Structure formats: C-alpha cells, structure tokens
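Let's start with one chain on its own, the form predicted alone, as structure tokens.
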C-alpha cells in the first residue's frame, strides 16, 4: 500500500517552550482512515500545520502523495476541517460554499450542484440565512461540508465531532465512510477515542513529539481491550 503521507525524522520545535515534533517518523497508508492520537501538547496539531504548509519544519522530510509539502501544488486536492472553524457572520451557508468552490477551482457549471449536494448531506439546506445565527454544531457541519467540497483526495479533520450531539456524530462518521469508499485518505485528529475506534483503520499515538505506536486497529487494540485503555497505558508508561 502506497503512502499518502510520509514523514522522516521530522523536527519542528517552538523556541520558547521547546515543544513540537522531535524526529517523527510516520506513514499514513493511502485510502485509509487514519487516527492521530495523543494527549494535549503531544505535537498532533503541529504535525497537521506542517502538512498544511502553515508551519515549516526545522529539519527532516514531509511528503503528501510523494511530493514535498513545500512544493507548489502539493496540497491540491487536500480538504481541511479546523478545530475552531470561523466564517463571515453575514454570509449564508450557500455563500460560504460558493466562495470555497471558486477558490479550489470547481468549474462554474458544477458549483450549484456541488454546493447543494454537500449542504444537503450536512443537513444545512434549509439553514438560517446568516452564519452568525448558527449553533456551534451547525458551524461544525458547515466546516465539514466545505472540507468535503470537490471530493478531496485527502481530508484532514481536527476534532470534527466536538460540539455535536449523537446524531451529528453519526452523520460525521457516515461522511468519513463515504470519503473512504471513494478512495480518499482521511486523517482524523481527535480526543474522542470512541469515535476514532469506530471510524479508523489505522492509528498512530504520539507523545511529546515522538511516535509511541502505530498500526491497524486490530494490531494496536487486542481482543478484550479498548482503544482508551491501550492509549492510557501507553501514555502512563512514558510518565
């Protein structure tokens, strides 16, 4: 199986705190749902920001589908749903989607159908006119709809199910399954271990900027245990 993401001896540290990533080696198999786990400050968000080109690594290499992340066009076909999405208060959901569709190069003739399809899937087709009136859960659903626009080859999700009720979480899982079934690679950064266990094929556990364990879910979670127990045991063993 080819790698959608490959990090080799990746280092990105912050001058004041010394935290970040310290020699991370990690592969994300293409076409999988990959859970990125770790306690607060483990380096997960730093890794995601390096993938998105928001931070430049100090040393090491990082590739997306075989292209270095700093190469022009490397992130074409990458969708992203941030932990704390923000949209213009006076935009409608449809306007948010149309703007993003133009930015990612969806042909004008396809924007209406692509936007309608994603808003329908997010249960936002009949949402109030202005985003400023949306609940936190509605904003998250809009962010996911935007991230999925254009059927990205890779989708990076940062806590996508936070602030969602059980029905909303199930809808997120269903859309993750849909993305995987069409061949996309999904990277899920989440503290909701029950959601990770339900959704992910592969998992990596990071602590203090280093990889503790990675593998398929059956490899990391033996029969009779759950992901939360395995995760806590690994982290406590490093304390």
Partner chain sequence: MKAILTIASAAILEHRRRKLIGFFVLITLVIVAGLVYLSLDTDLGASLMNAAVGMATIASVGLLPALTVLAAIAVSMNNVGRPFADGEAALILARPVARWQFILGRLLGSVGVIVGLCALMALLAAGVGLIDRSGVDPDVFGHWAVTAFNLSLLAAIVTFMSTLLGNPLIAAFSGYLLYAAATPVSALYLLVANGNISGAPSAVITAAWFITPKKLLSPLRHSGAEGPEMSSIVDGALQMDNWARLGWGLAYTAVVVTASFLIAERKDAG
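Just so we're clear, the structure is a prediction, and the values are computed from it rather than from any experiment. Residue numbers count along the first chain shown, from 1.
Omitted here: the form predicted in complex with its partner chain. The next part is about that form.
- The stretch that touches its partner chain in the model of the complex, counting heavy atoms within 4.5 Å, is 52-60, out of 171-179, 32-40, 195-203, 52-60.
- The shortest heavy atom separation between residue 162 and its partner chain in the model of the complex exceeds 4.5 Å.
- Its partner chain in the model of the complex is approached by residue 12, whose closest heavy atom lies within 4.5 angstroms of it.
- Contact check for residue 87: a non-hydrogen atom falls within 4.5 Å of its partner chain in the model of the complex.
- At the 4.5 Å threshold, heavy atoms of residue 167 stay clear of its partner chain in the model of the complex, well away from it.
- Interface residues of 61-83, taken as those with a heavy atom within 4.5 Å of its partner chain in the model of the complex (partner not displayed): 72, 75, 76, 78, 79, 80, 82, in sequence order.
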